[in-house]
Ligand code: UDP
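Okay, so here's just one chain, in structure tokens, the form predicted alone.
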Amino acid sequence: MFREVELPEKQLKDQSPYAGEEAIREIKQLAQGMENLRVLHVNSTSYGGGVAELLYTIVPLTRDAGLDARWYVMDNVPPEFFEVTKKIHNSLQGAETPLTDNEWKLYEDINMRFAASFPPGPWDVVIIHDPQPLAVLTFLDGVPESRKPAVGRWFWRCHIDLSTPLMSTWQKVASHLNRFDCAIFTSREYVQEEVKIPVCEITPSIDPTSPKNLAISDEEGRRIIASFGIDPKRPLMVQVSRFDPWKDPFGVVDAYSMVKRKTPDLQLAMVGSIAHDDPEGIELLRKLRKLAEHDHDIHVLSNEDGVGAPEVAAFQQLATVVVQKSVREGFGLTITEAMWKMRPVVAGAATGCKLQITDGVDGYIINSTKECAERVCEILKNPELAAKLGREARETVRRKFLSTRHVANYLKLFARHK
């Protein structure tokens, strides 16, 4: 039922040109005494979401630090399970979509089944990511001792914006969460009073050595975006994100329409991927494509159109302005990616966005569609402002949001919970 994800080798030394030698030394010092510590990360999918992208780098770098780190995903899961967990995700972010008794039963039945096939270990640390496999720990109580894994510490890692959860869903989730030894949140602002266990704050990160984040030549970038019908000589507004209502994609289209009245040659590219555990995204993508039929300057693109890491890199690097108009955002990796590429970013006032951007210093935080359009116009009219925001943005990411900082924070957590 669980499948181990095969990972490439990644070395800390390759991170040093971006993060600096001191960051690498810190990790090696923190890892002393943790040699061969067995660490297991568990989540729902190996492709298409931010969690998978994070683990693809964090796990190999943790291995290079000397720990025995592994990553397992839930395998052969019925589609209706992901429909339920998407509903859980949305209601934890504030949607008025309570689950029925039958939906909770399905969620718990699948977690019970996965508990019976949990990777045997032994594990010194197990980190369960997000709600999908959260209840596994609860149902391990019913697994025979001979098949129960030996685990030193259990952590739940929440990547969701929990600032305004639907309480009926949250209380059910919290009943499972409080069985863990510690909860890891992106921001302490997400911690509700129902959390009765120790809490740690760790922000996500990007890998500066990944194909998505390495610099490409402008010539290659122009060739790539032109292959999707974009005119490289005209201004380009870009949002890269999952096709998710919390990213407010239709609000992005509205802001673009406002700006286009003043800048008629503006183009909009909405670029994303369909995650295996996100059936809602398929319908949203369809609606956006239908809307784009009325304006040939709106381009809605996904992995189904051949958009992979190099293509995302090109769109972000050549964007005149990047928008992330999120209503809720645990943490916007695509914001960090654009900031690393020295792009001016205009983002919604969700907590996760405000963790990344200092308004007016390394980007803009906006509270409405109208304000979004105004900030985009300001950036389009002032290339010097755009360049200044971009320079500050890259330095913010270098200091706070690279993979090396992420690994170091995990090692500090393990040290505190030996």
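Computed from a predicted structure; not experimentally measured. Throughout, we count residues from 1 along the sequence that is shown.
Note that the form predicted together with uridine-5'-diphosphate isn't included here; everything after this is about it.
Scanning 344, 131, 332, 348 against uridine-5'-diphosphate in the model of the complex with a 4.5 Å heavy atom cut-off leaves one residue, 332. Checking 284, 312, 151, 99 for any heavy atom within 4.5 Å of uridine-5'-diphosphate in the model of the complex turns up a single hit: 312. Only one segment in the set 121 to 129, 291 to 299, 181 to 189, 234 to 242 has any non-hydrogen atom within 4.5 angstroms of uridine-5'-diphosphate in the model of the complex, and it is 234 to 242. Contact annotation for the candidate site: 24, 60 and 207 all lie away from uridine-5'-diphosphate in the model of the complex (no heavy atom within 4.5 Å).
uridine-5'-diphosphate in the model of the complex comes within 4.5 Å of a heavy atom belonging to residue 53.
Taking the partner from the other structure, uridine-5'-diphosphate in the model of the complex has no heavy atom within 4.5 Å of any heavy atom of residue 325. In the model of the complex, uridine-5'-diphosphate lies within 4.5 Å of some heavy atom of residue 273. Contact annotation: residue 212 falls within 4.5 Å of uridine-5'-diphosphate in the model of the complex, judged by heavy atom distances.
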